[in-house]
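First, one chain by itself in structure tokens, the form predicted on its own.
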Amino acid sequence: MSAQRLLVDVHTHVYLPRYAAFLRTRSSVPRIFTRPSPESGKPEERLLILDDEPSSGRPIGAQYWERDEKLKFMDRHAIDVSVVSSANPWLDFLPASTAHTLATELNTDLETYCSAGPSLSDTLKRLYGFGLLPLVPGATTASLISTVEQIAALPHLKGVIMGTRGLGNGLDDAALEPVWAALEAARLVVFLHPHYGVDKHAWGDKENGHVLPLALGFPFETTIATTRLVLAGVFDRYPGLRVLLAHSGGALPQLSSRLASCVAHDPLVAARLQHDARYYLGKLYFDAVAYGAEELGFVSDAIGRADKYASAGASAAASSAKGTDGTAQKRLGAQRMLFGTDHPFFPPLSESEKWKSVVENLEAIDGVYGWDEADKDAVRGGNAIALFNLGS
């Protein structure tokens, strides 16, 4: 099969066996614990990763850590390649020395998880990964840079997955400047993924399960963290930095013009940036985990118009983009969107069902008005092959 016709999943998670074993030793969140099943009475493992989730947690099993289960899922849904990332909350809850040691071990484990898996061809594996950085309060610059260097040296790790807290002060913390520089130099992709959501009091007292935190809290967290990076000038200082946003960038595409207006009316912030705030959407990458064709189309429009908002000294290519029509704009945006599933979360209720996260996100890609088949193939896999330099 042509590399441009592959189906590549860039948003798919694992709790590696070493990490799961560590969570089993804990008595507070995050933790894995065992209780009798209410249905069968047999022991079953449960996972707690969020402070406010029900005390019974969620069921967890082999699909969360066994490579063969990941491959069975891929085969069932005709996914050719997966770029696997450790699931939240990563190492955020650990002291710096423990986080550094565990990051090093888990990165080696993930390299083995990928390299020992099957191949599609002589040059292309079915599994690649995002490594972990020990981004916790108290972590030293030396420990962070050494971990970036470790990940860059592992051939099947193509980036890092990162939460939004950084060293405790967010991702616009000046202490992270050497990290951004190292990631840019190493050509590693940063997969920015939420975990904390927003202030829990915003959800009120009515019991709504996980719906509000996951549907709204996670995307808003991503929106805020990415906006802080933009406002801090990170993408001006590190123009080669490649950041992939989970959940199609949250609310950032929808709010980007409002953001640009607020920046323009605030001289303090406007003076920091080299471009209109909307320009930076064209420097980001977005997973296509939005579950709807209209939403994906809107995101691609917002990305595709970005070069219209470059500074007066923009390139000729950027200037020519000012004349693109709506379809051309949407097609331009498609070049920075990548298919994902969020496996192994949100499983089907029946063993015989396919996962809605796969079916609905593929249907969404197929239904975007203005994308031709080449655009859709790019979002399904071609963009990921290029971004992660797979198979070369």
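Here the structure is a predicted model, which is why all the values come from computation and not from measurement. Start at 1 and count along the sequence shown; that's the residue number.
Beyond what is shown, the protein has a form predicted in complex with a small molecule; the following relates to that form.
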Within 4.5 Å of the small molecule in the predicted complex: all of 63, 76 and 355, by heavy atom? no
Of 226, 88, 104, 143, the one that lies within 4.5 Å of the small molecule in the predicted complex (heavy atoms): 88
Would you point out which of 226 to 234, 210 to 218, 292 to 300, 249 to 257 contains residues with a non-hydrogen atom within 4.5 Å of the small molecule in the predicted complex? 210 to 218
Find out whether any non-hydrogen atom of residue 376 is located within 4.5 angstroms of the small molecule in the predicted complex, and reply yes or no. no
Using heavy atoms and a 4.5 Å limit, would one call residue 33 a contact residue for the small molecule in the predicted complex? no
So, residue 58 and the small molecule: in the predicted complex, are they within 4.5 Å at any heavy atom pair? yes
If we define contact as a non-hydrogen atom of the residue within 4.5 angstroms of the partner, is residue 158 a contact of the small molecule in the predicted complex? no
